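Given as structure tokens, the chain that follows is alone and in the form predicted on its own.
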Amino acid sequence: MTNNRDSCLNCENNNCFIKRYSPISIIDDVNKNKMVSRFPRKQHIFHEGNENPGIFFVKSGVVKVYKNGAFNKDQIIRFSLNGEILGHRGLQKSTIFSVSAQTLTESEVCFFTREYFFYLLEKVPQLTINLMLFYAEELNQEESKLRDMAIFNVREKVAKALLTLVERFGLKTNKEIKYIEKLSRQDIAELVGLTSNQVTKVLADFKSENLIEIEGKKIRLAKKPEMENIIAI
């Protein structure tokens, strides 16, 4: 990891949570209180159960956020992209991370201490309001995921996983799911509570039905409407 003091005002990441909701008058102070670290692919930013020293924001790259579940089986909660927040689940009084975060690509991450971030929340009401809305939206998504995992069969869960990746990352012009080559079949399985063998089998079925095209770890979504029909409820 290396420290960096690149100016927030010159940062090309316009999706930054703090920049979007803070007045420009405070950005210089924000810049002075941040630390930027670079992480190679497949490196942990923090681990579940460790003490949380502060809050993180993804400056660039893709980060997998996951939780250790029953029988030591991981459950992916979400993928965080440019400008998005990390470590907010460790801001409770216990100050312990309840999830882990690992890079899927080479990434840069901005860090602020707990004390400074709470200072920002007190000083910038717009930031506080939007953090509250972020928590509400995240809770809504988790409730929807719990419902889907309870009622969907294996085929529907794999379709849901692919569509979730499309919604999160988008499609290339050739209909290939972006960043899909960075994910293992186990990653896809952990997104919807399956095993890698179950995912591999259903993907083969989808391929034989011409719903998707597979080339190595790359997946092209040939018929998105038909895939959406699989999980229509």
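Residue numbers here begin at 1 and follow the sequence given. Everything numeric in this text was worked out from a predicted model, so none of it was measured.
What follows is about the form predicted in complex with the DNA, which we do not show.
Trainee: Can you check 29-37, 185-193, 170-178, 46-54 and let me know which stretch has heavy atoms within 4.5 Å of the DNA in the model of the complex?
Mentor: One stretch meets the cut-off, namely 185-193.
Trainee: Consider residue 224 of the chain shown here, and say whether it contacts the DNA in the model of the complex, taking contact as heavy atoms within 4.5 Å.
Mentor: Answer no; every heavy atom of residue 224 is more than 4.5 Å from the DNA in the model of the complex.
Trainee: Answer for residue 153 alone: is it within 4.5 Å of the DNA in the model of the complex, judged on heavy atom distances?
Mentor: Residue 153 belongs to the contact set for the DNA.
Trainee: Indicate whether the DNA has at least one heavy atom within 4.5 Å of a heavy atom of residue 68 in the model of the complex.
Mentor: Answer no; every heavy atom of residue 68 is more than 4.5 Å from the DNA in the model of the complex.
Trainee: State yes or no: in the model of the complex, is some non-hydrogen atom of residue 60 no more than 4.5 angstroms from a non-hydrogen atom of the DNA?
Mentor: Residue 60 lies outside the contact set for the DNA.
Trainee: At 4.5 Å by heavy atoms, is each residue in 82, 212 and 220 next to the DNA in the model of the complex?
Mentor: No, none of 82, 212 and 220 comes within 4.5 Å of the DNA in the model of the complex.
Trainee: Go through 195-210 residue by residue and record those having a heavy atom within 4.5 Å of the DNA in the model of the complex; state none if no residue qualifies.
Mentor: Heavy-atom contacts within 4.5 Å come from 197, 198, 200, 201, 204.
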